[in-house]
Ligand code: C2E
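Take a look at this single chain, the form predicted on its own, given in structure tokens.
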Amino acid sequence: MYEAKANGKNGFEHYSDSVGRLLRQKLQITSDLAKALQQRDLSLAVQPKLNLLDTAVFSVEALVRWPHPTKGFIPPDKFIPLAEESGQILDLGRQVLAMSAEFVASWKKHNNADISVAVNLSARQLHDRHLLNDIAVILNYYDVDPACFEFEVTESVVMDDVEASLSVIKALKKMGARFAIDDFGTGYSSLSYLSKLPIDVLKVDRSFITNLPENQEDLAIVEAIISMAKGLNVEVVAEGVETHGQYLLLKDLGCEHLQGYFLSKPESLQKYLQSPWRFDGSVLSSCIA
């Protein structure tokens, strides 16, 4: 029944052992995740975003990690969709926000400087009536400036309910936080709506970066997004940068902010605090700030 609904409703599915096994795996992961959330077993990694104007790390993205005690590392794409389905994403989101705020506070204590951290919001989080209060309480508890936070929401989530999204975005902006549209180019945005959204950042989806510089169609799309972002006076970040060729091309196109494995893989909060990354022009090397 659930498979039929997931495939568009008004259809049918035959039972098979593989479907039964998949369902049992989902139920087990959901149950284990509830326990992990209760015991605060989840952790964060951060991946830097690079500002090419001064080759400095200007921001990091917070990425949740789940080291399962018996199954080992469980990738986010395996448990986050299930957390969204079950409603656990709300508790997970609060924990991610709290760990991110603690990281920002620790960074300022160790480096006597602010750092911006980007936190992803799911559809259910964006439209949760407690979201704004939760954010305010957590930032106040850790004594963190809202300006240090950038909230990322995928293009499809924003466009699914533009008016409701606009209300939340305006409230977050009024609080002092920044707002980013993630995975841009994969949805069906109305440009008239996009011009009305008070966003700060567009993140070019990695699917358009992967085949650069060879793929001319993707190159045209990336050029158009960069040009449009500049016209709207918003920052543009290319994510999924994995090669030197992509780095050079994006730099030449005027994409000032990059993120990806070519620059740095995600690192644990503790490791990043102890040894931040600095770009030296071709690779990232570890050094003490």
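Quick caveat: nothing in here was measured; it's all calculated off a predicted structure. Throughout, we count residues from 1 along the sequence that is shown.
One more form of this protein, predicted together with the named molecule, exists but is not displayed; see below.
*Asks:* Quick check on this chain: which one of 249, 232, 63, 52 has a heavy atom within 4.5 Å of the named molecule in the predicted complex?
*Replies:* None of the other options qualify; the answer is 63.
*Asks:* Quick check on this chain: which one of 197, 175, 219, 80 has a heavy atom within 4.5 Å of the named molecule in the predicted complex?
*Replies:* The option sitting close enough to the partner is 80.
*Asks:* Among the candidate stretches 155 to 163, 103 to 111, 135 to 143, 69 to 77, which one is within 4.5 Å of the named molecule in the predicted complex when only heavy atoms are counted?
*Replies:* Only one stretch qualifies here: 69 to 77.
*Asks:* Counting only non-hydrogen atoms and a 4.5 angstroms cut-off, does residue 59 reach the named molecule in the predicted complex?
*Replies:* Heavy-atom contact with the named molecule at 4.5 Å: absent for residue 59.
*Asks:* Quick one: is residue 242 in contact with the named molecule in the predicted complex, heavy atoms, 4.5 Å cut-off?
*Replies:* Contact check for residue 242: yes, within 4.5 Å of the named molecule in the predicted complex.
*Asks:* At the 4.5 Å heavy atom threshold, is residue 150 in contact with the named molecule in the predicted complex?
*Replies:* No, residue 150 is distant from the partner.
*Asks:* Does residue 201 reach the named molecule in the predicted complex, with heavy atoms at most 4.5 Å apart?
*Replies:* The answer is no: residue 201 has no heavy atom within 4.5 Å of the named molecule.
*Asks:* Going by heavy atoms, what in 102 to 125 lies within 4.5 angstroms of the named molecule in the predicted complex?
*Replies:* Going through 102 to 125 in order - heavy atoms within 4.5 Å of the named molecule in the predicted complex - the hits are 120, 121, 122, 125.
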